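A lone chain, given as structure tokens: the form predicted alone.
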């Protein structure tokens, strides 16, 4: 390649950044049409859209810095004055689009009513813009709505710029001979040649990006998979003394019965107990649990009248196995932990339904709403240890869990199953 030819085109890095950013912008346009709805698929596409946007922002800043340090090659001398002016305006307007569009999107995410963590391509944490998540709700709404309007306006401007950019490149390539405009970004292109291989390569690339944007399925939120609960320190175990030598009991002797607890005993829940819930999203099962909760238990199966149970649940400790989904649960759309940090279940009446089977008749208070709730459970007491397992269900909409677009039960049903698996030691 001659020095003259080399000087008439952009550098290799500038060319690589140009076509990479162009492909990502086309991809953004395609996947933007797939972000409608409240399905797990739409949620995953939105997260992918955010990742592509931040990538465009970083690459555009790099492209701008490179342009400042390495000025672009001169335009062909045959261009008219108005063409030079329009070219300059379009090029700098593209920088406004390439930086402004992801920047306004970043503001929208940072000032969203539900502050979700951003994980680029599902793995790389990306921060929110400083100060925006901590703003008062009214101020956040102003920032969010202003950025949203600007984002949509920039998108419309981008369509105009793309049309002008493509039309100008085709005009110089197809209708002007020996005017190496396309060759500045596609080295070797010959002006005036309609069957230019580089044009077909560009067209093939655009088709491939569009197909990818329509067919690619980003990883959906994790469903039905929970990480193990936090490991609590084990209780210290006292050394076991040697077993005394005793004479064998007579064969006819019966096993000693379990002691009768004539008065309610106080029980302490051990760290390996779990409090879980289950629901579904678009037909896919979701398993969840609360990692922080306390239970005040005074209970005896032989003294139900004096028994009582009180459970306090830290709603912000809810985990479902997906970091971004879990970050939305404390919001006003779901548990509203800012106003109602805890849920409580209190039972002062119990009934026996069978051997080792009981029902706790109590009240659940959640999001400032109290409703009766019955919890059937199984109980097994061995010495000073007890094991309890129970399952019940509740209507989340009766407690206001799920506001705005999530009030509807078409994606997430109203019924939520609650499970308990308790181990306790008599105090």
Ligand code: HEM
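Numbering follows the first chain given and starts at 1. Since the model is a prediction, treat every value here as computed from it, not as a measurement.
There is another form of the same protein, the form predicted together with ligand HEM; it is not shown, and what comes next is about it.
S.K.: Residue 418 versus ligand HEM, in the predicted complex: is there a non-hydrogen atom within 4.5 Å?
M.R.: No, residue 418 sits far enough from ligand HEM in the predicted complex that none of its heavy atoms falls within 4.5 Å.
S.K.: Does the 4.5 Å heavy atom contact test between residue 365 and ligand HEM in the predicted complex come out positive?
M.R.: No, no contact at 4.5 Å.
S.K.: Is residue 159 close enough to touch ligand HEM in the predicted complex, meaning at least one heavy atom pair within 4.5 Å?
M.R.: Looking in the predicted complex, residue contacts with ligand HEM include residue 159, since a heavy atom lies within 4.5 Å.
S.K.: Hey, in the predicted complex, is residue 201 touching ligand HEM, heavy atoms inside 4.5 Å?
M.R.: Outside the cut-off, so no.
S.K.: Could you tell me which of 375-383, 22-30, 355-363, 397-405 sits within 4.5 Å of ligand HEM in the predicted complex, going by non-hydrogen atoms?
M.R.: Comparing against ligand HEM in the predicted complex, the contact stretch is 22-30.
S.K.: Given that ligand HEM is left out here, which of 391, 369, 35, 62 has a heavy atom within 4.5 Å of it in the predicted complex?
M.R.: Exactly one residue meets the criterion: 35.
S.K.: Only one of 166, 268, 135, 263 gets a heavy atom within 4.5 Å of ligand HEM in the predicted complex. Which one?
M.R.: None of the other options qualify; the answer is 166.
S.K.: So which residues in 82-100, when you check ligand HEM in the predicted complex, have a heavy atom no farther than 4.5 Å from it?
M.R.: Stretch hits, in order: 91, 94, 95, 98.
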